[in-house]
Each structure stands twice: as C-alpha cells, then as structure tokens.
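Take a look at this single chain, the form predicted on its own, given in structure tokens.
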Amino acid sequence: MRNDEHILVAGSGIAGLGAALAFGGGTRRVTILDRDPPPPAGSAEEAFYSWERRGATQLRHSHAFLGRLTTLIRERYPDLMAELLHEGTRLFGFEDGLTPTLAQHYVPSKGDEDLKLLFSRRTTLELILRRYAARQPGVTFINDAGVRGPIVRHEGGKLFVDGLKVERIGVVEDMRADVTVDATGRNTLFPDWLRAEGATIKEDSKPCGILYYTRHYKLRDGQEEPQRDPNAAGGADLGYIKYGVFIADNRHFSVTVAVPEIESILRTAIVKPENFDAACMAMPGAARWIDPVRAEPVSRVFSMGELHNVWRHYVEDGVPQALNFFAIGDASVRTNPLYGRGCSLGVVEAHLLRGALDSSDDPVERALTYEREITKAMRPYYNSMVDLDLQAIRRAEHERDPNYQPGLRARIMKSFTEEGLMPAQRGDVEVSRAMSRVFHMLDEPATMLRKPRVLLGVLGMWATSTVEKKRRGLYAAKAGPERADMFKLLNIAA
C-alpha cells in the first residue's frame, strides 16, 4: 500500500462522507469536492431549515442507518457514534421492535447488538458526519466545486483516470490524483464521460415502480411519542399505497408515503399537504403520530420520482474499463429507497474500496478486487430488491382490477406469507431475528429459510389454525382503508 496516495472524491453526500471516514486518518490525502456551499455552522435545527443541497435530492426524505452501518460506526468510529447520539440521533434495537408477546420472554442472543437502527433526519446525519470527517487528519473539503469531467490518458490499451476537471469561481482547473472516486449520486455523469473515451460500462436497470412523498413533523411542547402498539404498525403496505413513520432526532419525525407509478391520480393528489395528512390519518399507524394534538407539520410535502434499481458494471469480461477510478454509493449501485439501504450501501462500499486499495498497488488488481467485493457484499440484496419491486408493481396493477383472480401459485405464496411468515415474525423470536438480520444486511435474503429452525418455525405457524393465531394476537391489525375508500376520502376518482 502506498501511504502517500492522493484520493480525490467527487461528491460529499453520505457516500462521499463514507470515503472521508474510510480514507481519513493520515495515511492518505483525501480531497472531497462539494458542488454546494458549506454546511451551516449552527445547530441541527439550522441545518434542517436552511441547508440547501442541490446535489442531494433525498436530503429531506426519511432516512435511517441500518445495522450493517451502525455496527461499522460503533466498532471503527466509537467517538463518531457518541457524537451522533449526543446531537439527538437515536438507536433502536432488535428488542425495541419485538411484540409484547415476544418481549416478555426475550433472551438476548449473540449478534443482537448489531441489529440497531440509527434514527435521524438526513440533514443531522450529514452535518455531524461532515464535521467529524473534516477533523480527520489528511481530509480536506472544497466547496462550490463543480466537476466538469475526468482527466484521462490512454496507455497500453488501457484507460486511466488521473483526476478531475473542476470549476471554481468560473475557472476550470485540473486537479490530479492517484485515485478518483465518483460519489456524485444517482445522476452521475461519469458513465457517459468514460464511454466517450471508449469505456464499456453496462447497466442493469429495473424500475422501482413507485414515487415517494415525505413530510416532517415535530412533537408539540408537553407531548410525547405514542407508546408502541403492535396493532398500529409504524409502517405497512396496502398494495395501492405504502407508508412508514420514521423517528428522527430532537423530537422530530417524518412520514413517507410511497405511491405506485400506475396510480397517476393518487400520486398527483397526495403531494397536497391536506391530502397527505388526510391519507395518514386514515392509516392508524401514522394517525397516532400526526394527531394534531400531539404534533405539528414543519415542512411541505417533498416528492421524489424517477426511481430505478441500477447496477453499473465497471469491469467487462474480466477487464476493468477505467483504472484508478471507482464509483461508490448511488453512482455505483442504486436501489429503491423503500428498503432504506442506500446510505448503508454507500458507506460500506467506501470501506470495501479502502480494503481493495490496501490489498495491492496494481491498478488492475485493485479494480478486480473492488468489483469482486461489492458483488459479494451487495448483489444478493440488490437482486432481492428487484424481485420485490416487480412483485409490488404487479400487485399495484391487480389492485386496480376488480376482476383479478390470482392463480394457484400466487394464492399459495400469499397464504405462506400471510398465514406463515408474518405471524411467525410476531410470535417466534428466532424467525423475527432471522428476518431482522436480512433487513439489516447482515445475512443474505436467500439464506433465511435455509436455517432449519427458522423454516420449521414458519411452517409450523403456517399449519397453526387461524383461531389459534387470532387468540395469540399474531395477525397484524388492518393497516388502512381499501383503495376505493381512500379515493373516496380524498375526493378523487378511483
């Protein structure tokens, strides 16, 4: 490993900040380019209300760090974790999410400490991460810096990236580096720039099939968060609409509503604050949070569309297409925000890149190692999300068809999920733990039902009578109105 390397990172969102963490510490020089002005010098509140980030379209949507990332921070950057918690962010553990039935008999198991969500507004996360990263030896941030393209050379039939063309105050300058990292997010221009230089960069792309709408709220003085109620879940999928309540920092929380693309009338209506709140009030799990007595809205309804799952390949037939260049975060792997994996993926990829650069000084070996490691670490989750999104798209289509009749396979899978898997999650701690480990990206999705104890738990629950499951309270309560009733409530045509 070369200790004098200069790492140039385009983008200072969560992935770029992850690169600052991974490469900071003084063994390398790290320069982070930010197209936007610097963050405010004040509090998390000031950041939420005044920090504008053109390069981060998701800035004011709901966020959470999954266990894969909170564990990384806890183990490698304990002082950062302490700082995040001091500023009001919160950890939510596996035991905190158990139903009362399971909580009564819960016994901690090895690995449960890794199943923790970090709740916060995105602005607070970025503010604290940025301040921490800026204090690390060797890390420099440059603001108001627009990337205008890579500096490239062709040598021995290979394409090398030697830095970036950067515009500052109307002047474009060359900034050279040993390694260039693309952390510019989902709208990255680097694939096109590199293709213009002869690189073959293929993309796997599948639709997410939904649009996102988020509104933020704050608890009123003298009010507290509602007590957890297993019959009023903080998130649910009604087929024609999904929602989730996201606890945040400093008495804030947000609600995100996801509407299928096919529901053009609903998605146009839901962006209006009065419709957004009315829809949330019709769903018990959200209504108990946004009750006007308890909380007040503190933002408009933010929307986000054009969502796709995208995997970019920078190695073609075993040949790296651009040497000394790497993509991380949404610039590399883009996923449906529904699963909350984007931030965690970006920071984890930055640390996988650090491992690849530490493993060799050879540019080809580094590229191949990084490609191999992110494929191993991320591809199973990506494939699972693509499959789930395609299922959700089909379900949304069926919701609109009053004459739809599911086939035999669809009926069996529905029964397995609704009569086996979901009740088992509520009534069997081993099944709940296994599902949580997949959610937190600690176990691959396909491995869950290969565990004999988990499979037997689900099958046993599937075979248990409906009467017994109702007696034990293992069915989730109705999460909200039917599609036609919601449309009637909002006074829109179904």
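Counting begins at 1, following the sequence as shown. From a predicted model like this one, the values you see are computed outputs, not experimental measurements.
Not pictured, yet referred to below: the form predicted in complex with a small molecule.
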| query | finding |
| --- | --- |
| Interface membership of residue 34, the small molecule in the model of the complex, 4.5 Å heavy atom rule | yes |
| In the model of the complex, residue 310 touching the small molecule (heavy atom, 4.5 Å) | no |
| Any non-hydrogen atom of residue 184 within 4.5 angstroms of the small molecule in the model of the complex | yes |
| Contact flag, residue 15 vs the small molecule in the model of the complex, heavy atom cut 4.5 Å | yes |
| Contacting member of 88, 93, 234, 146, with respect to the small molecule in the model of the complex [4.5 Å, heavy atom] | 146 |
| Residue among 343, 241, 353, 161 with a heavy atom within 4.5 Å of the small molecule in the model of the complex | 343 |
| Candidate stretches 195-203, 327-335, 132-140, 150-158 - the one whose heavy atoms come within 4.5 Å of the small molecule in the model of the complex | 327-335 |
